[in-house]
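Next comes just one chain, in structure tokens: the form predicted alone.
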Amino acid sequence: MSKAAVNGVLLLATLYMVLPLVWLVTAAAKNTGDLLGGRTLTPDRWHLGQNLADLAATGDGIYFRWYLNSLLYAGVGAVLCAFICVAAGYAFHVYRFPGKEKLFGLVLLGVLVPTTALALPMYLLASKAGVVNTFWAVFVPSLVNPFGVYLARVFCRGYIPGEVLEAARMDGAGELRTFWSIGLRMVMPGFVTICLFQFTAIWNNFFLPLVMLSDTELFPVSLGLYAWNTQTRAFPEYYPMVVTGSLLAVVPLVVAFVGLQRFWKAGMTAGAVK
């Protein structure tokens, strides 16, 4: 009975996770009448091709401009942020300098501050710098991730033995060469982990672009879909485009997680052979 109960709970949890995705896939192929009539899970009357065509035609293809913006914000921002975090975590792990632990305590304090609380101060700073309503107003804040620095230090402590770094220095490698050729390579699973966390956070970021941007050409896909969704009461034809756009917005996250799994698998077996 206990095994059946556990399996039942797991089945319910699986359905709870899978049904929203199934609804999104089927609803993306429905027209306005089916969505408003509640016929989203019915297998007949598929209009996915028409929805995609409408998505590409609306606003001269503005949706795919939002999509490209999100790829730039999230893709480039996540890679640069992960590199900065790994470099900082490596420095905290390898080097000794006055006030190191106090400075790391400030980093941990930054983890406790919610990002929404920083939106207004960042807007005021961006306003004084004259970069409000520009690409940089959203891109530059995405390069900072205190939790990524903490995570990078933990990975460096577990993946980078001090003996390897000493051997590299004895062979004549400088500090930058040691970090680039040895430290970064050994902590690559941590780099990928931080990159994925930051990619997901930037891709789903909504409040900061809402505060910083007013030019629709600079919107990420999350803010663009929100703008369309606010118009669905006056223009119900936006319903299918919002749902279809939401389905397409999930694709990069799935591709990123599936495509980078091999780095985690390699990291899990890194210490298996001496």
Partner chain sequence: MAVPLSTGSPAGRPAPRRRWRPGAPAVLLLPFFVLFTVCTLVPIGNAVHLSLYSEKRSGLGFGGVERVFSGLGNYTAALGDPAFRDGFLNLALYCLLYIPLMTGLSLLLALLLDSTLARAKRFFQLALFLPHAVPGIIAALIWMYLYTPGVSPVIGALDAAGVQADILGTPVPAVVNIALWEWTGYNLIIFFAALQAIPREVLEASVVDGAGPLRTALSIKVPLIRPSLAMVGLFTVIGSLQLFTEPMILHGAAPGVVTTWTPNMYAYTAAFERNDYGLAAASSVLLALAAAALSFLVTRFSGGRSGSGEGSAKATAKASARRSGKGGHA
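Numbering follows the first chain given and starts at 1. The model shown is predicted, which means the values in this text are computed figures rather than measured ones.
Only in words, not in the display: the form predicted together with its partner chain, which the text now covers.
Peer 1: Ala88, Val131, Val192, Met186: which sits within 4.5 Å of its partner chain in the predicted complex by any heavy atom?
Peer 2: In short, Ala88.
Peer 1: Taking the shortest heavy atom distance, is Thr40 within 4.5 Å of its partner chain in the predicted complex?
Peer 2: Yes, Thr40 sits close enough to its partner chain in the predicted complex that at least one of its heavy atoms falls within 4.5 Å.
Peer 1: Please tell me whether any heavy atom belonging to Val243 falls inside 4.5 Å of a heavy atom of its partner chain, as the geometry stands in the predicted complex.
Peer 2: Result yes; Val243 sits at the interface with its partner chain in the predicted complex.
Peer 1: According to a 4.5 angstroms non-hydrogen atom cut-off, is Ala28 in contact with its partner chain in the predicted complex?
Peer 2: Looking in the predicted complex, residue contacts with its partner chain do not include Ala28, since no heavy atom lies within 4.5 Å.
Peer 1: Is it the case that Asn145, even though its partner is missing from this view, gets within 4.5 Å of its partner chain in the predicted complex, heavy atoms only?
Peer 2: Yes, Asn145 lies within 4.5 Å of its partner chain in the predicted complex.
Peer 1: Candidate spot Val76, Phe135 and Ile182, all three in 4.5 Å heavy atom range of its partner chain in the predicted complex?
Peer 2: No: no residue has a heavy atom within 4.5 Å of the partner.
Peer 1: Go through 172 to 191 residue by residue and record those having a heavy atom within 4.5 Å of its partner chain in the predicted complex; state none if no residue qualifies.
Peer 2: Gly172, Ala173, Gly174, Glu175, Leu176, Phe179, in sequence order.
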